[in-house]
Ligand code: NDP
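The chain below stands alone, shown as structure tokens; this is the form predicted alone.
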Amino acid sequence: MARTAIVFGCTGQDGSLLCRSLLAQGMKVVGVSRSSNPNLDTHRKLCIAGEIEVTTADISDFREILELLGRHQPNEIYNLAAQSSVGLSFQQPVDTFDSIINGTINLLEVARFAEFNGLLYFAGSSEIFGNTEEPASTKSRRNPRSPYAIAKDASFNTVQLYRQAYGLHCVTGILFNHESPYRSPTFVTRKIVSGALRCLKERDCKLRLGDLSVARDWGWAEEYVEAMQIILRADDLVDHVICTGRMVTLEYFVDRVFSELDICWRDRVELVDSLRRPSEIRCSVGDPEPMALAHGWRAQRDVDDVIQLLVESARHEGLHS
């Protein structure tokens, strides 16, 4: 009998890529969305539409989630749900807290009540560290600087508590920035790539951005969903950072994207103060060594590969749209 996985947040970038990976392993996959009419465009692009059972449920509703687990008897559960934009969390802090913290603790409580003996993965975020003076690991000082980061930090602590106090098989992967062609267009990386392509086609096009001096550790999302599964299925459940260990500025990212298209970005990018985030993290980079030592996993693609792949995909999509 095929093993079963439930994926909360199944229609986003990570959820869609994870569903494809699990299907390729022969697992039965149940995808959960809050919407009764979920956007399955990414599933169609990945050729998995119709291959997974998509159901509607609110991760914060105890009774709904208890019934869901009872019906499907999953071996693995992945919680990738909730509001995922740092910028939007400043505009909608209450909704952000509710969707992340309440969803996390409700799922854990359901698992405890049902005496769930499977594996639970929770999607953490590098935002919990704030500025990283040196590459961050799970032992690093945490200083969340946004409603999103505060909610993720509280969830990280809660998962640890349920593992240690109640013996649940739950673990958090703390993911640094990771991209793919399936990232929401509202994220700055997609905005830069699509904006650069517009500049290529339109002489008077300007790309409006905020602070280019911020620096991040960017990886490739397809690799990161594989790392999630490695962490979850390990004999010893230990929280881990998933990252490349290389940090570059947003200006570097912009320059490389425009260079791929043979455009000088300085003539086409307009910096706008209103697009700067309050309480912005200046630099964020992870330490890949603990993951490499524990599991032999290292990111194979760094930011240069990510940029090249994003531009190639966007150009291909533009030719066929």
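Note that the coordinates shown come from a computational prediction; the quantities given were computed from them, not determined experimentally. Heads up: residue numbers just count along the shown sequence, starting at 1.
Another form exists, predicted in complex with the ligand; not displayed. Remarks below refer to it.
Task: All of G12, K152 and F176 within 4.5 Å of the ligand in the predicted bound form, heavy atom check - done: The answer is yes; G12, K152 and F176 each reach the ligand.
TODO: Could you confirm whether R34 comes within 4.5 Å of the ligand in the predicted bound form, counting heavy atoms only?
DONE: Output for R34 is yes: heavy atoms within 4.5 Å of the ligand.
- [ ] Flag E226 as yes or no: does it have a non-hydrogen atom within 4.5 angstroms of any non-hydrogen atom of the ligand in the predicted bound form?
- [x] Because no heavy atom of E226 falls inside 4.5 Å of the ligand in the predicted bound form, the answer is no.
Open item on the list: Since only the chain is shown here, I'm wondering whether L80 would be in contact with the ligand in the predicted bound form (any heavy atom pair within 4.5 Å).
Closed with: Contact with the ligand, yes.
Open item on the list: Is R216 part of the interface with the ligand in the predicted bound form - any heavy atom within 4.5 Å?
Closed with: It does not: once the ligand is placed as it appears in the predicted bound form, R216 has no heavy atom within 4.5 Å of it.
Task: the ligand in the predicted bound form: contacting segment from 153-161, 119-127, 135-143, 244-252, heavy atom within 4.5 Å - done: Heavy-atom contact with the partner occurs in 119-127.
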